[in-house]
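Below you will find one chain, with nothing else, as structure tokens; this is the form predicted on its own, and questions on how it binds or moves follow later.
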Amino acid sequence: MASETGTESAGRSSTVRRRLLAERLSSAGLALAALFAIGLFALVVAILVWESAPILAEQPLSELLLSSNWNPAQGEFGFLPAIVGTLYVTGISMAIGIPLALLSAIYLAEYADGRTQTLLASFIDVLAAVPGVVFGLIGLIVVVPFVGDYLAPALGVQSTGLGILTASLVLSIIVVPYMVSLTVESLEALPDELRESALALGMTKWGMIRGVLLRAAGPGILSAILLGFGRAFGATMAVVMVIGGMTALPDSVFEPGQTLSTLIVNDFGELMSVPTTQSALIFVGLMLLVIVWTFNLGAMLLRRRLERRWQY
């Protein structure tokens, strides 16, 4: 009897040791995966900084950022037109996309019935999965003629249709599905008790949505907007097809322009032949990485602050 008890105890001890070993191995594997991701990011940054060093050594940073002269053949690498174009395209597309995304998400989460909600949600998911180059083709076929033949003449402006406004319209269509999906998830994650309590206090449904749900889902909605911003800021193929590709400061949104990401694509042919141009374009990539990373870091801190303040 004592021998059987000792055997069972030894068996349990062996099982515990195996579980502890498996736990330690899995923990070590996860830590290695996290370290690999951090190391990969650091490696990318290091390569971009190393390859950007020649252009930074040749021209001051202030001249690169503030000059509007972009002529690699003459050794002029002014990024200001691309920076202004990026701000224009991102700002206009987000200004159009955010209200559309919020209203669409509110309808899907709070007003649409089961079948309609399922149909529309699947349609939006498909839109989010469509490659950007497809939206670029649609932009060439539909949006460019619309802007060039109807919108610009209606406003007394001459335009070929290729330009900053066209790129912004196409980009707003691209970012909306992402923001809608995440906003719907944030609203649907709220407990029904929150809605019932607000309605029990006499609030209308729209008042409940505006005053309670949007506030409670604020951090999630902020994340959705930030994801859309990141998508808009780094979008390349669709934008390069409709923006016109002119590296000059635009006088209006109907003129052709350039963004930081399209600058890399349009001048990629010179990347392999001229070392200074190669360094300049890699520096553009470094700027994109730093701006998006800084924005995401700041947004993460803001989201944590909102989550602490807007607890329900």
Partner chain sequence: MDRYTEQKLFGVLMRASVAVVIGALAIIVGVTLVRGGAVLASDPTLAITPPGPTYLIDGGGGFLHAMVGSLFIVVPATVASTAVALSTAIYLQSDYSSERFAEWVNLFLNVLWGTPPIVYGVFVLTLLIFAGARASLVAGIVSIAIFQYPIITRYADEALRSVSTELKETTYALGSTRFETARITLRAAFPGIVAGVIMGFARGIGDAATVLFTAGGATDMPTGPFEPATTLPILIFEQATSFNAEVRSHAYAAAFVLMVVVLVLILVSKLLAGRFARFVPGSDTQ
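Note that this is a predicted model, so its numbers are computed, not measured. By rigid core we mean the largest C-alpha set that fits within 1.5 Å across both forms. Residue numbers count along the first chain shown, from 1.
Form predicted together with the partner chain: not shown, discussed below.
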* Do S122 and the partner chain share at least one heavy atom pair within 4.5 Å in the predicted bound form? -> yes
| If you check in the predicted bound form, is N296 within 4.5 Å of the partner chain, heavy atoms only? | yes
Notebook entry, point to check: Wondering, does F79 line up within 4.5 Å of the partner chain in the predicted bound form on heavy atoms?
Noted result: no
Q) Could you tell me if G156 has a non-hydrogen atom within 4.5 Å of the partner chain in the predicted bound form? A) no
Can you confirm whether A33, L43 and V292, the three residues that make up this candidate site, all sit within 4.5 Å of the partner chain in the predicted bound form, judged by heavy atoms?
yes
Given 82-90, 187-195, 124-132, 67-75, the stretch touching the partner chain in the predicted bound form at heavy atoms within 4.5 Å is 124-132
The listed residue (S181, T236, Q117, S223) that reaches within 4.5 Å of the partner chain in the predicted bound form by any heavy atom is T236
Residue within 4.5 Å of the partner chain in the predicted bound form by heavy atom, from I38, L249, L61, A53, is I38
| query | On a core-based superposition, does S26 travel 2 Å or more at its Cα between the shown form and the other one? | reply | yes
Notebook entry, point to check: After a core superposition, would you say L65 shifts its C-alpha by at least 2 Å between the shown form and the other one?
Noted result: no
Practice problem: Verify the C-alpha shift of L249 between the shown form and the other one: is it 2 Å or more after superposing the core? | Solution: no
Assert for D125-L302 (C-alpha, 3 Å or more) in the predicted bound form vs reference form: pair closer
